[in-house]
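The chain below stands alone, shown as structure tokens; this is the form predicted alone.
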Amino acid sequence: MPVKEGYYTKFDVMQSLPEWDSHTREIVQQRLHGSDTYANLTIIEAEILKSLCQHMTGEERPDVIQYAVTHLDQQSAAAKGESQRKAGTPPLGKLIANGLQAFELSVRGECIVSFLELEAGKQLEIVQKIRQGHYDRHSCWLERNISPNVWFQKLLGIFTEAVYSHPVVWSEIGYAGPAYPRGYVRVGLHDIDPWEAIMDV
């Protein structure tokens, strides 16, 4: 991981590992050692999603991005319901897969080459076009009944959720991790528990 910069450079949330219950320890440690095998994604799709994650969140650390894409893949493959889904929007796995197909076709239609073959500045321009609705009426999206904006927002939400659930990012922003079973005791104004992050002077 790159040298840490920010307000909490001396804080490492993983020092609290012995305080968490075994189930929590296992979940948090898995996030540090993300897998590069996928349930639904092909290698090419995963590489496209890594680039999208980087552009959407501004995150550049490969380990954190890998975890975010693995998390997305697991969410897509999970046989469980979603808390919210707009009428007409397909289930998550289908939304991601069909959206990736439409996205790549849009890019190839405009730039001739794959998204992965574009330089970073052009990739970011494409991502901004998706967000601004540039591709809303493109046939490759309409034929798949996928809204580029819905696809973009879903990716952004899952990537953001994953990046900010990574322990390295917790340390960086001074988040002291799960409360269970120790709990946060000092909850008054300007009170902090001994295990919480202290901002660098």
Partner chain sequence: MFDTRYLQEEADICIVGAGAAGGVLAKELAEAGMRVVVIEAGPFRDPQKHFASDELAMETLSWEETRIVDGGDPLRLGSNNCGKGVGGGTQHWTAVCLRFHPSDFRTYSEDGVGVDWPLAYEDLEPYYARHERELAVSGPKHFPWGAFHGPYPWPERNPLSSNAEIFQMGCQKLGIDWCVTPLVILTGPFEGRAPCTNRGFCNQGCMPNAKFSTLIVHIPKAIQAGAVVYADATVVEIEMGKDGKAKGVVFVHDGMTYRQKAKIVILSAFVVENPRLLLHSANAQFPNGLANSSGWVGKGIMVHSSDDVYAKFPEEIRFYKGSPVMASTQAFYETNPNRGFVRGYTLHAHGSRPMSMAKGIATTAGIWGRQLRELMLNYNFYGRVTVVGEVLPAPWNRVALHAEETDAHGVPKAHVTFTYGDNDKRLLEHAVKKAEEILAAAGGKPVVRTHDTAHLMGGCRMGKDPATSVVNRDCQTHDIPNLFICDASVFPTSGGGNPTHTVMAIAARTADAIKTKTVRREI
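Each form is matched to the other, and the largest set of C-alpha atoms that superpose within 1.5 Å is called the rigid core. Residue numbers count along the first chain shown, from 1. Note that the structure is a prediction, hence the values are computed from the model and not measured.
Although not depicted, the form predicted in complex with the partner chain is the subject of the following passage.
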item	value
Whether G109, W141 and E143 all lie within 4.5 angstroms of the partner chain in the model of the complex by heavy atom	no
The partner chain contact in the model of the complex: E172, any heavy atom under 4.5 Å	yes
Any non-hydrogen atom of E60 within 4.5 angstroms of the partner chain in the model of the complex	yes
4.5 Å heavy atom contact, I65 to the partner chain in the model of the complex	no
Contact label in the model of the complex: P18 to the partner chain, heavy atom within 4.5 Å	no
Neighbours of the partner chain in the model of the complex among 39-55 [non-hydrogen atom within 4.5 angstroms]	H55
Rigid core superposition, M14 Cα moves 2 angstroms or more between the shown form and the other one	no
